[in-house]
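One chain is shown next in structure tokens, namely the form predicted alone.
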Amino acid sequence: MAVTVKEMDGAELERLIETGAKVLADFYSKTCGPCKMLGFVLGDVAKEVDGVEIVKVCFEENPEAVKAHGVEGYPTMILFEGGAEKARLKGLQQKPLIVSTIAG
């Protein structure tokens, strides 16, 4: 079953991470061209992967989450599992790399 990409605020992201679930968080900006392209890529990734929550967190609207996770630019994707960061991808990435990162 495919997963869906959900928009989330920083507090919702923290609660989700605390559950220990596998979470791919995309920190993005609404005005960023590469971020918009990555949104389409993540939509395709979501059709192929199971067992992961893919969420988008707006950089400008969630400064606490950005600071808490040391996000320095966008787009930045962070994979969390078991409540901890497992991987980090910076910039626009291709679908195969994202899928292999999630698969671990």
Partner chain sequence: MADYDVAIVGCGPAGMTAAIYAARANMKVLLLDKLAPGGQIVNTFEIGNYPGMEKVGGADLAISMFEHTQKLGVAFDYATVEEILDEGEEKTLSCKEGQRISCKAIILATGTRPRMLGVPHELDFAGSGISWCAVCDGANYRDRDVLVLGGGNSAVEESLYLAELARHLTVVTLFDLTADPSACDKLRALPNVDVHEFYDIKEFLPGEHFTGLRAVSTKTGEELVVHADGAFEYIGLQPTTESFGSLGILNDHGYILADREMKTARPGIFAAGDAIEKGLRQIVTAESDGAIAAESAARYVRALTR
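Positions refer to the first chain, counted from 1. Quantities reported herein were computed from a predicted structural model and do not represent experimental measurements.
Keep in mind the form predicted together with the partner chain is missing from the figure; the text below concerns it.
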Residue 86: touches the partner chain in the model of the complex, heavy atom cutoff 4.5 angstroms: no
Test of understanding: in the model of the complex, would residue 94 fall inside 4.5 Å of the partner chain by heavy atoms? yes
Please determine whether residue 72 contacts the partner chain in the model of the complex, using a 4.5 Å cut-off between heavy atoms. yes
Residue 33, heavy atom within 4.5 angstroms of the partner chain in the model of the complex: yes
